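Next comes just one chain, in structure tokens: the form predicted on its own.
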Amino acid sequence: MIKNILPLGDAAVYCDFGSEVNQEINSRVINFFNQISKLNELKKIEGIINLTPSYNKLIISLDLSITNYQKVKDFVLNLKLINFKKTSHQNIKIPICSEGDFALDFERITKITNQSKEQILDLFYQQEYFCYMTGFVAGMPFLGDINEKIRCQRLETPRVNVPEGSVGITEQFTNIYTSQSPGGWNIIGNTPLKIFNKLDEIKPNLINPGDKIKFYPITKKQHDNWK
């Protein structure tokens, strides 16, 4: 399950599930994340102040006045004996408009992939995407895995400001910018949905690790009139 457990600085534990990026490994990360979070809430372990999952890693931040690296390492190793249940997830549909100024990088993507805009969108919409993690900016979902025919590298020079709701692709992933921010992903459209709501203290993220996503096209008029 876990390939290695190491200290990360003085106050964190680094759990390494391997170097590959795929749904099976990521599901293990999410399962450990959910299990430790629940046990932490139930006070079954003390001194854990934050859990940060990624594609294939889990970082556990500690309060050194309460616990230490060895205690948490032993706790995590014992969790390997638990028969984890399959993580529950949502199936979410996300509308995208790829008209006009919403589709910033199709000229670049068509040259790289040798696919027309219509072919790129067709391949993009056919796929069901898996949320590996959220991060970079609050609530931003990293979704895989896009069709190999439309994979491309990041922009050579990142944009200073990418509009909120922009949908980008890079390598095997697609993402949604949850707020206006710098970024170097290839932008293919924009969604009117609010992906992250900072005012919702209970469930700010629309998309969470383990969720499955399908995109579908809408027109500019539908985007502008979305409520």
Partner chain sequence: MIIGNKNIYFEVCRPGTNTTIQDSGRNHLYHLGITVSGAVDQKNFKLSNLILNNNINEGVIEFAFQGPLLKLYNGKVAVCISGEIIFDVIRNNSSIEKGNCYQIYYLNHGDQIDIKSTKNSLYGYLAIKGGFNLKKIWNSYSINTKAGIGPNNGKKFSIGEKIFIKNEFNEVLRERQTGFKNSREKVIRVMKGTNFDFFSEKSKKIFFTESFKITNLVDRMGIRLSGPELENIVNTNIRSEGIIKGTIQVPADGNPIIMLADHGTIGGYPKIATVISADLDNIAQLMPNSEVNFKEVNLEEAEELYKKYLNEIDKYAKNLNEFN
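Positions refer to the first chain, counted from 1. What you see is a predicted model, and the numbers here were worked out from it, not measured in a lab.
Although not depicted, the form predicted together with the partner chain is the subject of the following passage.
In plain terms, the part of the chain that comes close to the partner chain in the model of the complex, with a heavy atom within 4.5 Å, is 67 to 75 out of 103 to 111, 67 to 75, 89 to 97, 118 to 126. In the model of the complex, residue 160 stays away from the partner chain, with no heavy atom inside 4.5 Å. Taking the partner from elsewhere, residue 8 is found to have a heavy atom lying within 4.5 Å of the partner chain in the model of the complex. In the model of the complex, at least one heavy atom of residue 204 sits within 4.5 Å of a heavy atom of the partner chain. Not displayed here, the partner chain is kept clear of residue 25 by more than 4.5 Å at the level of heavy atoms in the model of the complex. Residues 171, 172, 173 are the ones in 154 to 191 with at least one heavy atom within 4.5 Å of the partner chain in the model of the complex, listed in sequence order.
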